[in-house]
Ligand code: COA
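The chain below stands alone and is given in structure tokens; this is the form predicted alone.
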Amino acid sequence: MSEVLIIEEIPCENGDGVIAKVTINRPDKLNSLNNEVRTKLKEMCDWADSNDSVRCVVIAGAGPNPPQEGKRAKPNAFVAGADITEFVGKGSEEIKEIFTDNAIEAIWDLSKPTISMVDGFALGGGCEVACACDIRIASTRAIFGTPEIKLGLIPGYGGTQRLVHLVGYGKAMEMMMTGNNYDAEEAYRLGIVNQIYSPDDLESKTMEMAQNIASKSMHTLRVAKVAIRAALDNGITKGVEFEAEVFAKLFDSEDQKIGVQAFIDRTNPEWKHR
């Protein structure tokens, strides 16, 4: 049986550390999230956070397998949602446990930068996986949506919270109450997607951004992520106060001094905290 999660360690171009490309590998099920995938994603997050060599995490979905003779090819999918078959027969307490301590929160809590590389369907839990990443890069055939309302449900992996910050209150209401799907261009217009590329260029462009991010000081990247997240948690007034505090503390770091001096000297910085 093939692994449901494939991790590739791609060397950073500056020769220091790796980019972890993580592929959810259930193409015959459109990479839907079952218990095994969720467990492996949580393990991956623990590994990536504790591994000093990992500088950025890119999450993708496996492409479709070649169709059997006489069968129609399956569509491309990032993650087409949760594996609904695992919902059957479960009560609220059992479901609450699954959705409270979950893999999507583990992705959200990663201290390393995260990018979702979306090619095809990102629906329901798949949309929530993408939204739990810091940056979303999509192919022109990507499709986003929160169709849970059609099952008598709402998003349960943080979608009601994170989508509001990405698209605004009114559009989040529309997405979740209609269950409609949105193509890549509309998702870009709404602010769900950062960049769109052709399917042929998607991986190279995503890795180009990952390499760009991975070339920066890891210490400063962590501080930036914490400061930006503070805007979501605290509102702008407290968020600006928090930003001022952590910004000032960076002036006690070696990387700040290295970066400033490199700028003055017109050289590339050799970061201490990689």
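All residue numbers are counted from 1 along the displayed sequence. These figures come from a predicted structure and were not determined experimentally.
We do not show the form predicted in complex with the named molecule, though everything after this point is about it.
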- Which residue, K29, K42, K216, R222, has a heavy atom that falls within 4.5 Å of the named molecule in the predicted bound form? K29
- Answer key, the named molecule contact in the predicted bound form at 4.5 Å (heavy atoms) among E105, E186, E174, D83: the residue is D83
- Any idea which of 134-142, 109-117, 193-201, 84-92 reaches within 4.5 Å of the named molecule in the predicted bound form, heavy atoms considered? 84-92
- Query: Any chance L123 has a heavy atom within 4.5 Å of the named molecule in the predicted bound form?
  - Reply: yes
- Query: Does any heavy atom of G170 come within 4.5 Å of a heavy atom of the named molecule in the predicted bound form?
  - Reply: no
- Query: Is P147 close enough to the named molecule in the predicted bound form to count, meaning some heavy atom within 4.5 Å?
  - Reply: yes
